[in-house]
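The chain below stands alone and is given as structure tokens, in the form predicted alone.
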């Protein structure tokens, strides 16, 4: 099978849940030999080389928007469709969330819970602690990012520690910052708001495909 890196242009599709301005994310994902588009139809969003689940909005309405193609999307990701989930997008890769009703994609076993902290939401910069050199089926994390920008009240609680590439801690609550399985990558932070290191993080991931 031809790797994406061998193709002339990688098609990146941001699945638009209908909340927030996605311009900064689209700009961060853009680059040489890449085309970026927004798509509000969950099935049409699967006609892509890389699926991006963005980090804006609330769990329940976002889950409702992907529901018509939930099983198909989950199957495509399990079959190897490269997928990047950012903040809420990472949370949608899990089974469910206490933030609201609806089913996530269930790519990663576990649920999304409120931060166990006095100060929520977490807004600002936080450090990243990598679990080891490789995680998530042995795939190495996109390198170089040791601090990133967060804007979240909820975090993912994976059932499998092996899915976790990196952790962060807010007050005394240690939570999954990065999960990965094959080419499916979820990050709780916002790389598009994490200055030049965040852009390098995205580039490293995309260039590895």
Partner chain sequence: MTLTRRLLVCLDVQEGRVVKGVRFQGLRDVGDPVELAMRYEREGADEIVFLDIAATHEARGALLDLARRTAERLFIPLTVGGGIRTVDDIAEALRAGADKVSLNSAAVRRPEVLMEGAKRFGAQCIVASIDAQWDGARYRVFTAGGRNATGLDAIAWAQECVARGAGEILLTSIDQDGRRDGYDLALTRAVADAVEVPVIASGGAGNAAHVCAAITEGGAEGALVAGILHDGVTTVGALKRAMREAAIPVREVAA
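Predicted, not measured: the structure shown is a model, and the values here were computed from it. Residue numbers count along the first chain shown, from 1.
Beyond what is shown, the protein has a form predicted together with its partner chain; the following relates to that form.
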*asked:* in the model of the complex, is there a heavy atom of its partner chain that lies within 4.5 Å of any heavy atom of residue 70, even though the partner is absent here?
replied: no
*Contact label in the model of the complex: residue 109 to its partner chain, heavy atom within 4.5 Å*: no
*residue 12: heavy atom within 4.5 Å of its partner chain in the model of the complex?*
no
*Going by a heavy atom distance of 4.5 Å, is residue 35 a contact of its partner chain in the model of the complex?*
no
*Using heavy atoms only and a 4.5 Å cut-off, decide whether all three of 78, 158 and 174 touch its partner chain in the model of the complex.*
no
_If you apply a 4.5 angstroms heavy atom cut-off, which residues in 158-196 are near its partner chain in the model of the complex?_
169, 170, 192, 193, 194, 195, 196
